[in-house]
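Just the one chain here, the form predicted alone, laid out as structure tokens.
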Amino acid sequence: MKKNVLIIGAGGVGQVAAHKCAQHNALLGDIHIASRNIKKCLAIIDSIHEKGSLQNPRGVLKAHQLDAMDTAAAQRLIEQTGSQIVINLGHAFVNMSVLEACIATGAAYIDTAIHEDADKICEAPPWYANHEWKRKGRCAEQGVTAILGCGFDPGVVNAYAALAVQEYFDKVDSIDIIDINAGSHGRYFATNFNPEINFREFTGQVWSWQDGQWKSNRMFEVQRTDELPVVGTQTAYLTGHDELHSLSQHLDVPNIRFWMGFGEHYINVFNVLRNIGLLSEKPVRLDNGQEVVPLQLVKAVLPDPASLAPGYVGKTCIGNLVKGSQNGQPREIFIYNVADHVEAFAEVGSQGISYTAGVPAAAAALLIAQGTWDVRRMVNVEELPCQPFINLMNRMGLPTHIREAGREDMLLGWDEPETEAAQA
């Protein structure tokens, strides 16, 4: 059994994961939070104490300053804290440095997004092959558990895809992952995650998996409208996204696409920023000789995503629309979760988007701690047993539902042995 958790990153997702780990610290052991800005870590610790989140009130809960781009520093912190599980919730540029520290120390590794090279946008698919999967052999040789992309999307939607293929269909023709945030933060314009990472998703090519091969489109070129549970009629746009790049390689499904909801206001502001060059990552020289990266300037003037939480209202709906056949008959199901921004803030002090990303990461830590997911190799979520993951999230605040032929059911889970994670 592994214990003692180091959470790297003190944004909104880090806050959620820290609260959820604290709620299960009887099993997980010591909880450490690290960031370049230690004040953010200390604020999360204050929030955990204020809400009484520590399951074991005498448990260790400490803050640390760390530059996660420094592999040696990350390795030292892992060793100093005795952390056997690392949840990497820093920005996507630090993934490989943190993973290298885990390989060196033997600590289990969890992240929620694919690694990005700061000098490259929208690399050739499949994206995981450009960085993460090159380290598969070393993880296996060292017996290091590395779980990639274990937020909601990627993460939970990968488990939903595996569930559909394994339990609901004989043959799957298509998986359409639909991500809708029907909430409102009351600001003129903001992003729910790090603006620099968020905008990078939308400025490159849109890659999707169609007819068993990669297809490229432009952002906002293809759209669809669906009538979804709770959030109603919503328009979403074909978008490139992490999970397509592993699901396409691990599941025998010819069509896998990702769709994200955007309002007209967001699209208009985004297009203005892009068209006048403010989303560029290339430095520009000002009249006084100073160089500025436009995208970093935009990030600096936009609201901190974590600051949106107090005023956020509404709900999210994220799920997989799966079509195929079973017993020779056509079948279509929608496997999904609905999260509430207000409820998330009341529980952990973060908005619903952060909640949907942070809870799965903490659930993965619990499954590693009690051995179910401690596989001692590198995997994407769809390669792991999905039943205990979905069962655990049902109890941790992210219940799964299934809609089929107009009928809505909560996926209550499967019979399974009572594990320490279930008891915690």
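Heads up: residue numbers just count along the shown sequence, starting at 1. Note that this is a predicted model, so its numbers are computed, not measured.
The discussion below concerns the form predicted in complex with another copy of the chain, not included here.
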Counting only non-hydrogen atoms, the one stretch of 155 to 163, 181 to 189, 321 to 329, 129 to 137 within 4.5 angstroms of another copy of the chain in the model of the complex is 181 to 189
Answer with one of N198, Q249, N268, N255: the residue that has a non-hydrogen atom within 4.5 Å of another copy of the chain in the model of the complex.
-> N268
Name the residue from A124, I276, A346, A72 that puts a heavy atom within 4.5 Å of another copy of the chain in the model of the complex.
-> I276
Is there a non-hydrogen atom of E141 within 4.5 angstroms of a non-hydrogen atom of another copy of the chain in the model of the complex?
-> no
Any non-hydrogen atom of R218 within 4.5 angstroms of another copy of the chain in the model of the complex | no
Does Q210 reach another copy of the chain in the model of the complex if we count a contact as any heavy atom within 4.5 Å?
-> no
Heavy atom of G311 within 4.5 Å of another copy of the chain in the model of the complex = no
Heavy atom within 4.5 Å of another copy of the chain in the model of the complex - qualifying residues of 299 to 314 = K299, A300, V301, L302
